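We give structure tokens for two forms of one protein chain below, kept apart as structure 1 and structure 2.
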Structure 1
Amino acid sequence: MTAEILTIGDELIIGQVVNTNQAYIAEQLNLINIRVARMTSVGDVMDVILEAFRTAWSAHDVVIVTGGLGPTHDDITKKAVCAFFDSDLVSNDAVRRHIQELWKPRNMPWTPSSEEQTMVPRKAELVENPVGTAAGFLFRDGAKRFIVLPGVPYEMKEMIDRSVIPHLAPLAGGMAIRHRTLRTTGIAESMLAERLGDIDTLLQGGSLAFLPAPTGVRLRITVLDRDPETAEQRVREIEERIRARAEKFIYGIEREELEDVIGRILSERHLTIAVAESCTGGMILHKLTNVSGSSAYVERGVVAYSNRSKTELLGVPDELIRVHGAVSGEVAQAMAAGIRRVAGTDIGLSTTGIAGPTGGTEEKPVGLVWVGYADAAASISVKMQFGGSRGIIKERASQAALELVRRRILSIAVDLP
């Protein structure tokens, strides 16, 4: 089966909103052996939407549409769908009850917009939206499916996972496609490729995609086989060969973030951490506390941006800053030891650097970051040099600091950039 993903909204085609819906839907369809042949984005213009519907529906087995299901004047997808399938809109009691249940704990009044959201195409089957007010709908023509979902990403994902994929999976059949994504950090894409060596020997009929980002490279393994169990086994074998060559750079799998992995390690070992940040401005603590249950291991964080705050809050000696400068290994090490002492934690972590675009010198250029780490055994500092904008440097420094924690706890060699 082939599919087209059609996303609707002016905000998408003018670049105001990044279109993450397409990537998520494509990934889920691929997992059930439906090949995405085309992705299309159009604005909120009726004639353009209808032409996109005609092109997609005539060429593919599955069409998935997102966006334009809200109650405002620019949300015209329901009207377009009705025009395309020659249907009218009718109020749906199940949708009404669902919206009323959503509104009840918030004490929201029933409005004309609420009433508008109860309207669905008469000829469509309902696709329930468990987390929002915009219901989805499905049209059939033999084995073909035309599915319309809201554009809000978290609502769309719930509906794809709960309803759409279970509905489509039995229709797909054919080759079994299996994926596995390994998350790496602390190594550039080109160096990782060199480390993995000959690709044909590594993959033996599978495929491997390198997906670089500012904080690391994802390695996506893909295997096709007529037997699902054989496909799974081949994926595991490729993963083992990759790990044999690059294990220390692999921190997680699939959608795991480094902060998730760090949280699990700290929890399992009953360790606590405190963070003193200068150039990263609280980003490390933000990442750590994004993980549910992080209060069990995160004690506190301090943004010690000025020299005075480093001295007053962390006990970094004025003389140390005067001799070596705030951006130095000596100060990073003192910051880590200081926050560990003040917070009474097992681990202290720190950053100090020059995020730019101004403030760099020949001796200490923009992108220079020192990360400090302290525990009961020792305190160290690691020098790193990053490129990119101010935001990217902060992101890379935060990731590198967390990776330093992982490697120290797991006794992995610290050879970060």
Structure 2
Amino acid sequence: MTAEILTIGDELIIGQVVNTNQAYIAEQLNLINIRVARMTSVGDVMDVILEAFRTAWSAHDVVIVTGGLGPTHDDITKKAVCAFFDSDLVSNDAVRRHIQELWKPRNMPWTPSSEEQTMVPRKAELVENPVGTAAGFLFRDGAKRFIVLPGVPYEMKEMIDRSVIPHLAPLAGGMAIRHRTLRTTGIAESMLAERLGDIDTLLQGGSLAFLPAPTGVRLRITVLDRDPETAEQRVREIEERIRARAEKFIYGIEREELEDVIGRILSERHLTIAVAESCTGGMILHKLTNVSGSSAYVERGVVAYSNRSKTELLGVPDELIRVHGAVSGEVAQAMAAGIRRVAGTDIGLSTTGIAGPTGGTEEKPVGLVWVGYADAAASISVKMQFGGSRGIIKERASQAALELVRRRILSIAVDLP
């Protein structure tokens, strides 16, 4: 069973917004064994939309369309769908009640655009939108399905999860496909490839993709097999062979972020952490606190940009900053030990560096970052040099600092990055 995902909107075609909907839908379809053959984006132009409908609907079993269902004038997908399936629009009472219900607590007035939102194609089945005003539609032709959803990501996701996937899953069958993603950090793609060695020996019929990002390289294993359990087993075997060669660089699996892994490790060991950030400017704390339940182990954090705040909040001696400079291993170490002491936590973590684009010198260039780590046993600092924009340097430094925590707690040798 194959599918095409068709995303509609001028904002996509002119590059105003990044298309996150495609990836989400593709992933969900893939999990229920529907192979996405193609993903297409077109603008809000009637002829182009209709042509894309024709191409997709003639070639695939499932077509999922998102975008252009909103209340504003530039949204023409509903009209295009009506033209394509030769349907007219009728006002739907269930949709009307739903919108009234949604707006009641917010005291929103009923407007012409609210009225417009109640109109749905007569020939379609409704796909409920529990979190927004734009309803979705479903057309069927035998086992084929043409599904239209709003483009607002969190609305689309709710509808995919609650309605679309449960509807399509029973229709899909055949080969079982199994994936596993191993997330690495602190090693370049080519070095990782060399370390894994001969690829055929490693994979034995499976496949492996290298997915590099500023925070590390993800390795995605894929196995296809008639039998789901065999596919599962072969994925596990490939994973074991990879782990045998690169275990220490693998911090997590699937969608796990390093902060999720650290959260789990800290929780299990009843450890607490406090963070003193300079060049990363709050990003480490932001990442750590993205994890639900992080208030149990993140006692506090400070963003100590100024020298004065390093002294006042963390007790870093003036003298140390004067002699070594704010960007130095000595200061990183003193910041980590300082935040650990004032917060009374098990672990103190710190960063100090030059995120750029200005402020670099010959001796201390943009991208130079010292990470400090303190626990009951010792305080250490590690020097790193990153490339890229301010945002990428902040991201890489944050990831490297978190990886230092993981390695110290798990007693893995530190040779970052």
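By convention here, residues take numbers in order along the sequence of structure 1, the first being 1. For the two forms, the rigid core is made up of the largest set of C-alpha atoms that agree within 1.5 Å on superposition. Since we're looking at a predicted model, the values are computed, not measured.
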Structure holding the form predicted together with a further copy of the same chain is number 2
Original post:
Using the core for the fit, does the CA position of E115 change by 2 Å or more between structures 1 and 2?
Top reply: yes
query = Can we say the CA of P130 moves by at least 2 Å between structures 1 and 2 when the core is superposed?
reply = yes
Worksheet entry | Core-superposed comparison between structures 1 and 2, V382 Cα displacement 2 Å or beyond | no
Shift of the Cα of R35 between structures 1 and 2 with the rigid core overlaid, in Å, rounds to 2.5
